[in-house]
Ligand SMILES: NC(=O)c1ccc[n+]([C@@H]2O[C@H](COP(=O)([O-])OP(=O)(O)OC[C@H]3O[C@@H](n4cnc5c(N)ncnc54)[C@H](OP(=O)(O)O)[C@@H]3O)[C@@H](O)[C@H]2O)c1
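A single chain, nothing else alongside it, follows as structure tokens in the form predicted alone.
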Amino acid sequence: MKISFIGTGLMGCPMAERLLTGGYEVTVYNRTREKAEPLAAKGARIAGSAREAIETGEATVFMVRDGAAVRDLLTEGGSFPDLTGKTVIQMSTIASTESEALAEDVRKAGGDYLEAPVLGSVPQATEGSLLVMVGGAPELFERWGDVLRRFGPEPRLVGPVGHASVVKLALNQLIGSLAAAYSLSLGLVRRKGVDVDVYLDILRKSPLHATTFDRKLPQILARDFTDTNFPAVLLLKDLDLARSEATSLGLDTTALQGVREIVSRTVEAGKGREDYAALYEVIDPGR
């Protein structure tokens, strides 16, 4: 089966490699060609354009920055290509309304559309243990199930197009909220001179504990956020999407506004490409 993969960055590269090791014939494309070249050494063919990649694959996976990038790549040359007999599998984090509009346009071009955003980062992408949330028709979910299982063992059909996208935004705003709350919590005990291990031992025995706290602790204690799993600038983008979605649904976003401000200041401090745990530096600046 021929699969094309567009977007071979931090997450896309290991995901495309998962397809290669699964025996698929893979064509890749990235606007910055250098990011696709490591995959060529592992058996992928590099397309010269997004249009070429789309025309090559029976399905094309998109793992790019945002909804605008997905649309720009799909309409490279000014319009949608003929997608008859082809499926677009959109895995980027985008707004539900963007996904719904893309689905409609893909159908008008003769193709099928699935949204399949994921939760997890580079280690999970490499292992094939991502949480894959799918929005679309059940028959398409079944048809492309084996491909989706290369990324995560148990893809979950959430509902129609738009539903998986909003679940992903609901989860990503939790990433920001948990990181901000944990940073403030750590800052409190550290500045008062409390033994961090004592605090963490109590936290781990409580229902307040989240496993992400332990994963981010070494970075925070070292104040070194250069080992990036999820860049702060992309978290900021997702928080803006979540805020817009929540506002459109009539929800109060006061809590989210505060988290968004902290992440924004992290990006403004020049740490946008570092891991989002760098927001600790805003909450508890080094002294």
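Residue numbers run from 1 along the displayed sequence. Computed from a predicted model, the values in this text were never measured in an experiment.
What comes next is about the form predicted in complex with the named molecule, which is not displayed.
**Student:** Within 4.5 Å of the named molecule in the predicted complex, heavy atoms considered, which of Gln257, Thr32, Thr247, Thr226?
**Tutor:** Contact check passes for Thr32.
**Student:** Scan Arg243, Arg45, Arg65, Arg51 and let me know which has any heavy atom within 4.5 Å of the named molecule in the predicted complex.
**Tutor:** Filtering the options by heavy-atom distance leaves Arg65.
**Student:** Would Arg273 count as a contact of the named molecule in the predicted complex, using a 4.5 angstroms cut-off between non-hydrogen atoms?
**Tutor:** Yes, Arg273 sits close enough to the named molecule in the predicted complex that at least one of its heavy atoms falls within 4.5 Å.
**Student:** In the predicted complex, does Leu10 come within 4.5 Å of the named molecule, counting heavy atoms only?
**Tutor:** Leu10: yes, in contact with the named molecule in the predicted complex.
**Student:** Hey, in the predicted complex, does Ser92 get a heavy atom within 4.5 angstroms of the named molecule?
**Tutor:** Yes, Ser92 lies within 4.5 Å of the named molecule in the predicted complex.
**Student:** Just to confirm, Leu102 within 4.5 Å of the named molecule in the predicted complex by heavy atoms?
**Tutor:** Judged by the heavy-atom cut-off of 4.5 Å, Leu102 is well away from the named molecule in the predicted complex.
**Student:** Based on heavy atom distances of 4.5 Å or less, which listed stretch (79 to 87, 182 to 190, 158 to 166, 92 to 100) is in contact with the named molecule in the predicted complex?
**Tutor:** Answer to the contact question: 92 to 100.
**Student:** For this chain shown on its own, do Lys2, Gly128 and Val132 all sit within 4.5 Å of the named molecule in the predicted complex, going by heavy atoms?
**Tutor:** Heavy-atom distance to the named molecule in the predicted complex: none of the three under 4.5 Å.
**Student:** So which bits of 222 to 241 sit within 4.5 Å of the named molecule in the predicted complex, heavy atoms only?
**Tutor:** Going through 222 to 241 in order - heavy atoms within 4.5 Å of the named molecule in the predicted complex - the hits are Asn229, Phe230, Pro231, Leu234, Lys237, Asp238.
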